[in-house]
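Just one chain follows, in the form predicted on its own, and it is written as structure tokens.
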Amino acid sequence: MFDSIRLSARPSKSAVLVVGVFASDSKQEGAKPSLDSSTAKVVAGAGVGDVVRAALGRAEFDGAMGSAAEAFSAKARVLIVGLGKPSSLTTENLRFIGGVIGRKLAGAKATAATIELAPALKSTGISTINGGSAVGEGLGLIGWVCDEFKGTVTRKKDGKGKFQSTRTKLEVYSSDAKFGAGVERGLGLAVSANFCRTLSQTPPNIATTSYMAQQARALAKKVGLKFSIFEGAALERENFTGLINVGKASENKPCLVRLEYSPRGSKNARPLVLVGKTMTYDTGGLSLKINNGMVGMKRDKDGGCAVLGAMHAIATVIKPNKPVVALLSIAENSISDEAYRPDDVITYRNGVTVEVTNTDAEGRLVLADALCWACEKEEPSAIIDLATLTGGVVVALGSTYAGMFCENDALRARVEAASKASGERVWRLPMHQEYRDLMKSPVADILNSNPNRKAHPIQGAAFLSYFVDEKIPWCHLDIAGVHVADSNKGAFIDGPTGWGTRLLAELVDA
């Protein structure tokens, strides 16, 4: 919707003034929302009192959360957004409202906006900086555009043969310094999430395994991360058998990418390790997907995309004083006479043997390599992995929550707190020994998929547990239901959500 959005140090004379009002507490029929005293002072200072009162008087505007009314005069344009009841306002609501503001500003082709929501927040329990961050995220997320794959039917070229942009650059300002700092933080987190979304949107003929590795390399160079890669003979040497087997049918060869954020003074600190499933395409392998089951499988890399987005946020916005390591298991699950088969048995570097029963349960096989490496080589303080792992979690939780598997109370509390801060919801699912027993094989140690569909979303997590040292805090997030939005509302349009980027950033920040 915008070419770019940035915080300005000073207001613009042409700026759209954005203020917030709460719904009326009056039980009288037809009662209208009104400005609180703090917001009224802002409006009076801007000299647009009559314009605002005219907007508030509109019959269709009641101050409900996310509602909006616009008013104009010869000197000003005003956008009033409804905040609902003060007791019900949350940062998640403010993120949604940021999206509403962005949509209205984009529709008006606005190039500048003065956002004065801080006065209204004084009557709530939301801190000014947190409220600003949520609004900034909403603005930045709704501002995402990925039209680089559009051609001449959709876009026009200029005289030099380059595609023209019809979008505006937006500058935002707030007279409240803390709210403004929050907006700047939120816009930064949105940039990271939008980086993840663009990677997700990139088609598989472009976003090959080598392309994803190159994107990680370029990110490392840009923001100051350490980069290394295991490919070819290095995969054999390190016995990354999951990647080797899953990826060997494709001409796009598998690899494992390692990124490291290591601030000064953190040499002896144990890192948080983030692991991302990065399947650039999933045909199902020889256990071929049916009908239109392959459509959208370019997004089977979204766990890895989220981890890349999080590393961008960590290096540019959060800047913690503790190290963070990212591991991306990158492969394409294809079909050829080299493909791995149901009935194959593969042996991992930790000695666990796996009987393959379904080549479409490939994500857990490549994640197992990264989990083994993390436990053996990284001395992690904790491990969090993200993966579009199972269709079962979509059946169980829909698109409202990601499935969370975490038996460590302290880590689970941190993830839940980050979930609340980011608005990216998680729901704990159980991990009991009986579920792990479901994965036992009569031939090898474990199966990669039990034909019995009992506890289907839990099977994936149960499989992964065999590759994590039980002494290391570990959280598995199955994001198969939440990584794509199927409706156009709030801060998101139809398409990838960048789910996990902001949650991981908030977790590290906390």
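Residue numbers here begin at 1 and follow the sequence given. A quick note: this is a predicted structure, and the numbers were derived from the prediction, not measured.
Keep in mind the form predicted in complex with a small molecule is missing from the figure; the text below concerns it.
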> Which residue, 423, 392, 271, 82, has a heavy atom that falls within 4.5 Å of the small molecule in the predicted bound form?
Replying inline: 392
> Of the residues 362, 385, 137, 369, which one places a heavy atom within 4.5 Å of the small molecule in the predicted bound form?
Replying inline: 362
> For this chain shown on its own, do 282, 456 and 480 all sit within 4.5 Å of the small molecule in the predicted bound form, going by heavy atoms?
Replying inline: yes
> Residues in which of 35-43, 448-456, 469-477, 61-69 have heavy atoms within 4.5 Å of the small molecule in the predicted bound form?
Replying inline: 448-456
> With the partner left out of view, is residue 197 within 4.5 angstroms of the small molecule in the predicted bound form by any non-hydrogen atom?
Replying inline: no
> Hey, in the predicted bound form, is residue 358 touching the small molecule, heavy atoms inside 4.5 Å?
Replying inline: yes
>> So in the predicted bound form, is the small molecule close enough to residue 297 to count as touching (4.5 Å, heavy atoms)?
In response: yes
>> Since only the chain is shown here, I'm wondering whether residue 289 would be in contact with the small molecule in the predicted bound form (any heavy atom pair within 4.5 Å).
In response: yes
